[in-house]
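First, one chain by itself in structure tokens, the form predicted alone.
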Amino acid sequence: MSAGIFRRNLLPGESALICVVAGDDAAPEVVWPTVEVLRRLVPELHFVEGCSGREAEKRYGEVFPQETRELIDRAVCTLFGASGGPSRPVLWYLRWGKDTRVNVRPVRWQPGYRSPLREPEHVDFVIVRDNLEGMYPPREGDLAELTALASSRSWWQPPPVERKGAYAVRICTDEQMASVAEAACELALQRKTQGYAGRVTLGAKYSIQPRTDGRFREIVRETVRRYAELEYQEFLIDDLARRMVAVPESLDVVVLSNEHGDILADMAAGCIGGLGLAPSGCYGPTYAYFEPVHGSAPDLAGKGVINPTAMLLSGAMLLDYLGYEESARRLRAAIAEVYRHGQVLPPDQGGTATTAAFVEAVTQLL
């Protein structure tokens, strides 16, 4: 895997067809305004809706119809809202069906964000997370089955009295770990040209899981050695969690396993002001999709107050992927200016603005 995963070069005459799956609950309330903003910035982009979830079940009798699958396959990438359950099969297809191996989650505070930290201006790093393996998707079973696993006999013995319980299996292939490590290095190189440290930081529990996290540690080390321009550091995952709060300025590109990345990325979003500010992009050799980190927010559905920032910033990542870097820069700058002014902020950031009012304020600055 190379830096090519972060950029989709359109072929001569190829249409920039983008599948839009709005998702569940309040998610469509931020997806469609974002689509309009992206259309305004790059009129030649062609957005087509892929129906999913409850609406698809009403129309087609299934939550993930074949028509939507075919549209995803024809598109150059997908803009996804969020799944509260009904649209989850679509998300699973975007992840495992389209082989999107690497999840990238930028974490950057800017003035106007309602951070709980005293000095949030130091928070400016990117998490690169395994998107396919680890403990996702779940591979679980009954505890009694462990007696049949030869690898468990050295550390687990059946209890003297029969007990009920369950276990989970973690999968880590060398190929996938190397893909994530290389993507982290390529991203660190890109960031170094923008004035960042060019530093890759591994977080893992290699002291307890030498065969999985220990192997990940070896692969990341070996990969970074091939990049003479980059710095490298590693920490046990619990220590890294502390450092994200105490010394975030020491971090640039953080590389993590699937479940560790899922947890720490949400914690990092909390450091800047919440999940409503956290975008993400998921990249593979031939495909990518973009979604906000927050969920579908069923408690906010229909109220018109869900924060669209994460969705808009995910849209900026989509523009970068398709080569419209200047348009992406304009969008990020407009969002930053709205927060800097502090007059039209969503409720989760201490304001009273509706979703529509915030998007309109951003649009006026494009």
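No experiment lies behind these values; they were computed from the predicted model shown. Numbers for residues come from their place in the sequence shown, where the first is 1.
The form predicted together with nicotinamide-adenine-dinucleotide is left out here; the points below concern that form.
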**OP:** Look up in the model of the complex whether F290 has a non-hydrogen atom within 4.5 angstroms of nicotinamide-adenine-dinucleotide, and give yes or no.
**Re:** no
**OP:** Indicate whether nicotinamide-adenine-dinucleotide has at least one heavy atom within 4.5 Å of a heavy atom of S83 in the model of the complex.
**Re:** yes
Original post:
Taking 4.5 angstroms as the cut-off for heavy atoms, does G276 touch nicotinamide-adenine-dinucleotide in the model of the complex?
Top reply: yes
**OP:** With heavy atoms only and a cut-off of 4.5 Å, decide whether H260 touches nicotinamide-adenine-dinucleotide in the model of the complex.
**Re:** no
Original post:
Within 4.5 Å of nicotinamide-adenine-dinucleotide in the model of the complex: all of P106, T212 and R221, by heavy atom?
Top reply: no
Original post:
Which one, 182-190, 75-83, 166-174, 204-212, holds residues whose non-hydrogen atoms are within 4.5 Å of nicotinamide-adenine-dinucleotide in the model of the complex?
Top reply: 75-83
Original post:
Looking at G97, G141, G295, P111, which is the one with a non-hydrogen atom within 4.5 Å of nicotinamide-adenine-dinucleotide in the model of the complex?
Top reply: G295
Original post:
So which of T68, S314, N307, T34 gets a non-hydrogen atom within 4.5 Å of nicotinamide-adenine-dinucleotide in the model of the complex?
Top reply: N307
**OP:** Note that nicotinamide-adenine-dinucleotide is not shown here; using its position in the model of the complex, name the residues of 339-353 with a heavy atom within 4.5 Å of it, in sequence order.
**Re:** D348
